[in-house]
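Listed next as structure tokens is one chain, alone, in the form predicted alone.
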């Protein structure tokens, strides 16, 4: 039995950054991530339960950690050493040690999870993603499971969770479909920003495709809705975006021209005079944010989905055009129920392209870092013992 552990090692973090800059995912070889023997975690309170992960996804925020590009902003919001992995489908371990119900984890470590009463205003309103207490209570700091020393994470053979974090997996779902429930819940949360007006989605990686799927599954997507334009770099991404009902799929370079022609915009420098009312950025780089600001309409909004790294962006257009940038982080419990229906409607389990045992973590991370180029979407660790 084993687990992957991320330790606070500034020297290895710096080396990982250099390696990752040369080849994405290479930080796994030289950075502060290591395979160790599993050690049972103490239950924070008697009501907590032990989980035995089946599959655990590798997401963009995990890759940023591995390659040393994660923002220093998050350092006070995590505790070391931690086991990554927040996209988790697992079995609850019964009292006799046998596997019980199959669940996915709602990773947010909110007030209820932390034993804090009264709850902060956000948690009291059901907005656990905006919890104000992620460094307090009877748990070590950690904005989510997978970033907290006390909870463990999905990149292991055992972790712990609070009952409020558990969502039962439908019997008709494969483990591959189930491991997509958490990232789809994130996409569902983002899709709530969809108004029916013309929308641009930048990026057709896992999160971009899931956000598109969540939008096209919503009742607000009517025949008279504005077109949805999706940028995709690779052939498989373009094929999947079309299958998931994007109206237009194009390259990043083609997108400004298409938005201009559909909105009747003129061009001043590289800035459109009009543009799309809504832009959803699922990349989170300096280049993607800059492009989003160039094509968003005056008074429109750029929604940042996922976890961007350190960026440098010219923001003068926010003032001049009265546009805005809006963060879109995580989800509420209700988003998980919707995510299940989105996955079922679009048969999204097919987006899990490959799974790897923990022992092959360097290869798995390298594949995940180059997923689009390799024609893959979601890569996951597999703890089911079939490898």
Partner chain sequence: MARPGFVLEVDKSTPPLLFWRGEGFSLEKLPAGRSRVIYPPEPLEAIKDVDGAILEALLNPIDSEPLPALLFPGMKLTIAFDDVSLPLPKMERPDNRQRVIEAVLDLAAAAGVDDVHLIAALGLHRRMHEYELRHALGDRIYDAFHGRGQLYQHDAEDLDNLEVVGTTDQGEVLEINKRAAESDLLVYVNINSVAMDGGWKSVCTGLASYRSLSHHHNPTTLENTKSLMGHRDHSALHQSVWRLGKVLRDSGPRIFQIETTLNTDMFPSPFDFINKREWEWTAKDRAIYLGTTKSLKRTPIKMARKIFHGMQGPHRMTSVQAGETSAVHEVTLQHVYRQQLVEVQGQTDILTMGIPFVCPYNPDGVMNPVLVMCMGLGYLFNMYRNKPLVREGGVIIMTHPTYKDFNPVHHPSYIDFYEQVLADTTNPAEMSRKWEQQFAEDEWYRHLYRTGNAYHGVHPFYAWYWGAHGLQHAGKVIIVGGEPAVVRRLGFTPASTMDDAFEIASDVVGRHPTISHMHVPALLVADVK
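Here the structure is a predicted model, which means the values were calculated and not measured. Residue numbers count along the first chain shown, from 1.
What comes next is about the form predicted in complex with its partner chain, which is not displayed.
Using a 4.5 angstroms limit between non-hydrogen atoms, residue 266 touches its partner chain in the predicted complex. In the predicted complex, its partner chain lies farther than 4.5 Å from every heavy atom of residue 98. Using a 4.5 Å cutoff between non-hydrogen atoms, residue 116 does not count as a contact of its partner chain in the predicted complex. Contact check for residue 174: every heavy atom lies farther than 4.5 Å from its partner chain in the predicted complex. Here the chain stands by itself, but in the predicted complex one stretch of 258 to 266, 79 to 87, 184 to 192, 151 to 159, 258 to 266, has heavy atoms within 4.5 Å of its partner chain.
For the candidate set 243, 254, 132, 168, a heavy atom within 4.5 Å of its partner chain in the predicted complex is found for exactly one residue, namely 254.
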